[in-house]
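One chain is shown next in structure tokens, namely the form predicted on its own.
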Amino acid sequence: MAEETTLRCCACNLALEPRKTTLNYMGHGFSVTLPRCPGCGQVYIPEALVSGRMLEVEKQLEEK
């Protein structure tokens, strides 16, 4: 049986919770649900999102 891993904030040691977050780049923003600390608000952005969708958005915005 696989054990579920819970992401925790390094500063607060609280479990991260999925929260709607607005990411901004070059004056444009888009909302996405990401794990965020309920204490300090620090957001965890998974590598797959950074190298996938966020990279696509960056390229599109820089072409304009």
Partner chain sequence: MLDPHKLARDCIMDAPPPCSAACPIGVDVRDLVERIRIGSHSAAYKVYAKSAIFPGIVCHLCPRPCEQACPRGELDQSIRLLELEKFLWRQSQQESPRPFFIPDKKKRVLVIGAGLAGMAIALKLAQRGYFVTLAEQSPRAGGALWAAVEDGRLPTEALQEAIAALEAHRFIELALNRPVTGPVEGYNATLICTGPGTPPLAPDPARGLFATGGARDPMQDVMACLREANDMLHVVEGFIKVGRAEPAAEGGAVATFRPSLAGVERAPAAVERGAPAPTAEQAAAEAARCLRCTCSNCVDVCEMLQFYGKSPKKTIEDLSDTLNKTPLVQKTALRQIMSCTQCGLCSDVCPAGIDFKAVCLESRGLLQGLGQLPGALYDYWLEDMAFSNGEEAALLLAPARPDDTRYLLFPGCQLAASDPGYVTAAYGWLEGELPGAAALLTGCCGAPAYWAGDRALHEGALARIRAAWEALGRPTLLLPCPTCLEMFSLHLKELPALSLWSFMAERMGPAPAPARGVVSVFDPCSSKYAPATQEAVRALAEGLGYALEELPQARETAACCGHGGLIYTTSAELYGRVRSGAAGAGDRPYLTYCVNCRDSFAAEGKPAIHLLDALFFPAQERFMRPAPDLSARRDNRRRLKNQLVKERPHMDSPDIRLEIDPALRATLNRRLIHEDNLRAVIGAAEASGKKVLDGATGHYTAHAAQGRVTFWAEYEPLGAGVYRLYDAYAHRMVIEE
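Positions refer to the first chain, counted from 1. Treat the numbers as computed from the prediction; the structure is a model and nothing was measured.
FYI, the form predicted together with the partner chain isn't displayed, but the following is about it.
The partner chain is not drawn, but in the predicted bound form it has a heavy atom within 4.5 Å of Pro46. In the predicted bound form, Gly41 approaches the partner chain with a heavy atom inside 4.5 Å. Taking the partner chain as positioned in the predicted bound form, the residues of 12-26 that bring a heavy atom within 4.5 Å of it are, in sequence order, Leu16, Thr21, Thr22, Leu23, Asn24, Tyr25, Met26.
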